[in-house]
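Heads up, the chain below is alone and in the form predicted alone; it's given as C-alpha cells.
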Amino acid sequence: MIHNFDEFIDRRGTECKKWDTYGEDVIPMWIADTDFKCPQPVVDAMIKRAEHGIYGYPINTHQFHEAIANWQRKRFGWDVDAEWVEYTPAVVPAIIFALRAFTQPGDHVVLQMPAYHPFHQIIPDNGRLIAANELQLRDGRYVIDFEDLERKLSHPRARMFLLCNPHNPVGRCFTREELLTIGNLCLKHDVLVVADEIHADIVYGQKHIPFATLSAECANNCIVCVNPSKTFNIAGVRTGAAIIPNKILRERFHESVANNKAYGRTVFGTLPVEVAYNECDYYADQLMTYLQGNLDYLLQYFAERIPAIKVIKPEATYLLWLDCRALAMPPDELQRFFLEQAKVALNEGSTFGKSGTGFMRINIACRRAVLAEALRRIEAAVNKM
C-alpha cells in the first residue's frame, strides 16, 4: 500500500490538542503527534468495529501481547515472549506504575537532562526525587557524562534509572556501547532501568537497540515501555505496553497496575495497536522516508537562511532541538517571539529542564507545505529583530 503523507486533513474543531490550543493564525508544531492520517488498515478496522454498535466490556485477549512481541521481533530482532508483555494505558502511566512498584518516597530516580517534561512532574508528584544527569552538548551533539552518571547511581537512595531512548528532546539514538555502559553501571549499583522506547521507530540512518537485548543481565534488570502512537498517530487511543523479561519484576509491576485498577482495556484502544503492528510495516517505512525529506529540507533552510538558530541534528524522533541562544532572549520572551512574531507554536526549552534554556523544540511531522510556511515565518520574524 502507498500512503499519501501530503494529504490535507483539517484537524481544527475536532478536539485536537495540537490544533485547537492556539488561534487559527498560528501553525502548531509543538506536541508530539503527527498530522498524518492513520494507516488505512487501522481506519478500516476501527470503522468495522464501530459498526457493530455495542461497545461493552472487552475480554483481555492474547492478540495484543502477540502484536507487541511481533513488532519487536521483526523490526528490532528482539525475540520477545508474549508472556513478558503487560498492557498499560500509555507509557507515562507505565512509568508511574514502575515508580510505585520499585521505589519508595524519598528515593532517587536518575534522569538525563534535558528531559521530556512530564518526567519532571510524575517523579516529584509521587514523592520521589530527581537526580539529574546532565547531557553534555559537544560539537553539536549531546553526549553522556558517565562520571556524573555513576555518582548519581551510587547514591544510597538511587533506585531507578529512567532512560529515554531515542531521547526526547535532544534526538539522540544511543549506541550499543553507551547503552552497555549504562546497563553495567546500573547493575553495579543495583539500580533498575526503566526504558521509554516510544520513539524507537523514528530513527535516521542507524538502528534502535532495545535495552533488553544488550545482555541477559540487562534484560533481567529492566522494564521496556513501548507505544505505537508516535509512529502511527494513534496517541488518542491511550494504549501502550511494558515488556518485562524478568518474571519477578513482571509480577511486582502487575501488582502495581492492579492496585490502580489500570488493567481494564478499551474497545478502541488495543485494536488499532494490533492492526498497526501486524499489518502496517509499509506505513512505518514510508513515514521515515517522508520525515527524512522534511528533515533535510529544514536543515538546509536553517543553514542557508536562518543561521542565527542552530539545529541539533537529530539521530531520531521528529522532534528537533533548536539552539536559539544567539537570539539572547529569556524563556518567556523566546516563547512569545515564536508564538506572537513568527506565529508558530513550539515547545519552550526550559520546560525540559534548566539546561534547555535558550532552546526550542519543533515538531516536523507535518505536510511539507506546512513546514515550508512555518520556516518562512520564522525567517521573517528573525529578520525583523
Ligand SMILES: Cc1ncc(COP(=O)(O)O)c(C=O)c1O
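Numbers for residues come from their place in the sequence shown, where the first is 1. Only a predicted model underlies this, so the values are computations on that prediction, with no experimental measurement involved.
Missing here is the form predicted in complex with the named molecule; even so, the following discussion is about that form.
Exactly one of the stretches 86-94, 302-310, 68-76, 252-260 approaches the named molecule in the predicted complex with heavy atoms within 4.5 Å, and it is 86-94. Proximity to the named molecule in the predicted complex, defined as a heavy atom within 4.5 Å, holds among 168, 103, 270, 133 only for 168. Interface residue among 155, 247, 238, 188 relative to the named molecule in the predicted complex, by the heavy atom within 4.5 Å criterion: 238. The named molecule in the predicted complex comes within 4.5 Å of a heavy atom belonging to residue 164. Although the partner is absent here, residue 201 is not a contact residue: none of its heavy atoms lies within 4.5 angstroms of the named molecule in the predicted complex.
Using a 4.5 angstroms limit between non-hydrogen atoms, residue 230 touches the named molecule in the predicted complex. The closest non-hydrogen atom of residue 116 lies within 4.5 Å of the named molecule in the predicted complex. Residue 32 is the only member of 26-56 with a non-hydrogen atom no more than 4.5 angstroms from the named molecule in the predicted complex.
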